[in-house]
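One chain comes next, on its own, written out as structure tokens in the form predicted alone.
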């Protein structure tokens, strides 16, 4: 069985990543630069490194209450290994948590040249179809997104996709009784698109950013060792016969 790859080559004791010697990357390049290289096939420019750094930092953690953190900690509390709990946390990411970044980016790309975008947003709102990348269960304002947009403007990555995302945010909030901010998924999806990233890799970008946070939660759970996490019976309402 033969596989082909453009990513990594190991030959005569030498390892290269996208054509760059790993030994050289270790000595000269940052982790963020090397992440960009392995994803995009080239060393990033300074502005790209700064933007990717900001994106990864913004999504590193969002507290114990998220589906991924809760799941990871529950699994760790059952005396599973760190990597098992980490896998469980990643698997808890779905369309409502962690994966909206891809759907948001695809929606922005499909509609950034749509002259009837305002009407489309109204129709989706009337049908109660949620537009990915907007709204938050806890936050009325998503400062993570606001800061990322500021950095994107400063570094030259505030382009058509970001402008489309901000337009959608304005139109949604004209129609909604509840404030729907551009959230971290929407901001990341828009900025990464304007940086030239394919939406199909964007879930991976979010997961890469969140893994350190999940590792921290799992490690804390292991060290605290407060016992198996479970609901108290008084927190459960039985509604069967």
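C-alpha atoms forming the largest set that superposes within 1.5 Å between two forms make up the rigid core. Fair warning: this is a prediction, and the values are worked out from it, not measured in the lab. Residue numbers count along the first chain shown, from 1.
From this point on, the text means the form predicted together with a further copy of the same chain, which you will not see here.
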| property | result |
| --- | --- |
| The single option of 153, 170, 115, 79 touching a further copy of the same chain in the predicted bound form, heavy atom within 4.5 Å | 79 |
| In the predicted bound form, residue 195 touching a further copy of the same chain (heavy atom, 4.5 Å) | no |
| Heavy atom of residue 176 within 4.5 Å of a further copy of the same chain in the predicted bound form | no |
| Residue 180 within 4.5 Å of a further copy of the same chain in the predicted bound form, heavy atoms | no |
| In the predicted bound form, residue 87 touching a further copy of the same chain (heavy atom, 4.5 Å) | yes |
| Interface residues of 21 to 47 toward a further copy of the same chain, as seen in the predicted bound form [heavy atoms, 4.5 Å] | 22, 23, 25, 26, 27, 29, 30, 31, 32, 34, 35, 38, 39, 41 |
| C-alpha of residue 7 moved at least 2 Å between the shown form and the other one on rigid core | no |
